[in-house]
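Shown here is one chain on its own, the form predicted on its own, set out as structure tokens.
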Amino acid sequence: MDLLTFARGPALQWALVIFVVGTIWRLIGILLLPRKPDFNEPRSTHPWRGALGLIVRRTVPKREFAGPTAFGNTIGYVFHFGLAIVVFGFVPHILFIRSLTGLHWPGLPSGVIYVVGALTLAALVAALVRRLSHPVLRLLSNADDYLSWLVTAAPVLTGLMAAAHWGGPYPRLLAIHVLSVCVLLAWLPFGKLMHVFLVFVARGTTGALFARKGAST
């Protein structure tokens, strides 16, 4: 079995199993946490509106903090939206998703994906430099932060290398790219990258609680 066959076969299959089982396990564990009963009369009978509202509003920084956090927010938006565009807009990725779920949609031109991928990688590097140079961020960072950055940046870098046929034969570059994606999938449920799901759970829960109490968000 050559490297590409292994990457596309057993490695990817096990990574997907770990990703799905780990994500479900984490979400169920959070949803089953004991909660204290709230005997107060609810101010709103539609807490889901508060949940959705807070999810949407928290995507935009507060005006009071927009200036000091502009750089961090900008690179955050660039690499988050960039990753989404690369993952869900690149035709080979869409074909892979279709093979798993049956869902598909039109893809973006390859040139657009390459530019977005390069911008995404640049934003990830900028985020790392900011983390290393900012005294507070550096103090708050731990091994999870740096490992999560590495397993996020690696698929972007190896994908660009494979697309450009730079660094070796294409099958080997593609295998390395797929293996980097496998590592990302396997790590995601257990590290801080799980925020890709938990951010909606946390904001939705907070918004629903605020709506029940009649509090402004």
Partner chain sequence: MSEPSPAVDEPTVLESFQQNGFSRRTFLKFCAATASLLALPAAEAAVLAENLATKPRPTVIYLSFQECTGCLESLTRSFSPTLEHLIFNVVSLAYNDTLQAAAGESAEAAREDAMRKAWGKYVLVVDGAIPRPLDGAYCVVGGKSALASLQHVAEGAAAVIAVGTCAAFGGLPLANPNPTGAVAVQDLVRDKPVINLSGCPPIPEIITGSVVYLLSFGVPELDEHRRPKVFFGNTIHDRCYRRPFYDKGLFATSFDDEGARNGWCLYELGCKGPTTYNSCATMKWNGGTSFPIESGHGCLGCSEPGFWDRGDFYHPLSTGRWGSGMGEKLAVAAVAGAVLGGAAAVAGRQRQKARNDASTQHPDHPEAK
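Note that the structure is a prediction, hence the values are computed from the model and not measured. Residue numbers count along the first chain shown, from 1.
Only in words, not in the display: the form predicted in complex with the partner chain, which the text now covers.
Site residues 47, 115 and 176 are none of them in contact with the partner chain in the predicted complex, judged by any heavy atom within 4.5 Å. Residue contact with the partner chain in the predicted complex: residue 99 places a heavy atom within 4.5 Å of it. Interface membership of residue 119, defined by any non-hydrogen atom within 4.5 Å of the partner chain in the predicted complex, is ruled out. Not displayed here, the partner chain is kept clear of residue 167 by more than 4.5 Å at the level of heavy atoms in the predicted complex. Looking at residue 110, you'd find a heavy atom of it within 4.5 angstroms of the partner chain in the predicted complex. Site annotation in the predicted complex: the residue of 132, 95, 84, 125 reaching within 4.5 Å of the partner chain with a heavy atom is 95. In the predicted complex, the residues of 11 to 36 lying within 4.5 Å of the partner chain by at least one heavy atom are, in order, 12, 13, 16, 17, 20, 21, 24, 25, 28, 29, 32, 33, 34.
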